[in-house]
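Just one chain is shown here, as structure tokens, and it is the form predicted alone.
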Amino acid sequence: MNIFRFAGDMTHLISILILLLKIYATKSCAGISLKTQELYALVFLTRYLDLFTDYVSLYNTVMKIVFIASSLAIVWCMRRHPLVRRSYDKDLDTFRHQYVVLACFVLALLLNEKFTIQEVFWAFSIYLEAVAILPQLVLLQRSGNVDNLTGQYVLFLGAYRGLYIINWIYRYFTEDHFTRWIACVSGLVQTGLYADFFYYYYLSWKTNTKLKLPA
């Protein structure tokens, strides 16, 4: 494992810890899209089916369990926790994510590296992760103001994908027969979706003002 992948994993983990901090410390999920969190839970559940069949390393196994457990915990809190669920912005979180899931599954059936159950679900998880942030970005645009923890969560989530792109470039030049083209293309799409957010986050940081996304 190279340093870029490790940095990407740690950045991803930091984004999740920030979100958990927001939820558990403030007992609020205001500004957080439940639909995005449900999509990420589905991403991890379908990507890590090999958790039960293939052992790579202790690090690999622990990270898979952490991502699955944390995503399910976040969804549970937003749906079931008596205090947290009251702050959920249901009226703003109206993105029709079921169509995204269907489109990604059909795409995975058509475009995959190997037509097996595990590989199809892997491709599905990659496609779905590329667009899973859409409900969150739409919610933030509709709400206007973005609190610090929510902004940092989205920032680190986007940075994680950017670091993974560098990881793939590094692996392309250092590994023989590196062919994860599905992950590379989907990663570029996902990073592109964050471009607008990164721009306004930079403006907010530069002017020392509260982050706002245009509706």
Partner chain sequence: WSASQSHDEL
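Positions refer to the first chain, counted from 1. Bear in mind that the values here come from a model prediction, so they are computed numbers and not experimental data.
One more form of this protein exists, namely the form predicted together with the partner chain; it is left out here, but the text below deals with it.
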{"property": "Location of the partner chain contact in the predicted complex, chosen stretch of 73-81, 89-97, 109-117, 136-144 [non-hydrogen atom, 4.5 Å]", "result": "109-117"}
{"property": "In the predicted complex, the residue from T36, N167, T150, S186 that sits within 4.5 Å of the partner chain by heavy atoms", "result": "N167"}
{"property": "Contact flag, Y40 vs the partner chain in the predicted complex, heavy atom cut 4.5 Å", "result": "no"}
{"property": "Contact test in the predicted complex: I68 vs the partner chain, heavy atoms, 4.5 Å", "result": "no"}
{"property": "The partner chain contact at F124 in the predicted complex, heavy atom, 4.5 Å", "result": "no"}
{"property": "In the predicted complex, R180 touching the partner chain (heavy atom, 4.5 Å)", "result": "yes"}
{"property": "Contact test, all of D196, S204 and K212, partner the partner chain in the predicted complex, heavy atom 4.5 Å", "result": "no"}
{"property": "In the predicted complex: members of 1-37 within 4.5 Å of the partner chain, any heavy atom", "result": "R5, D9"}
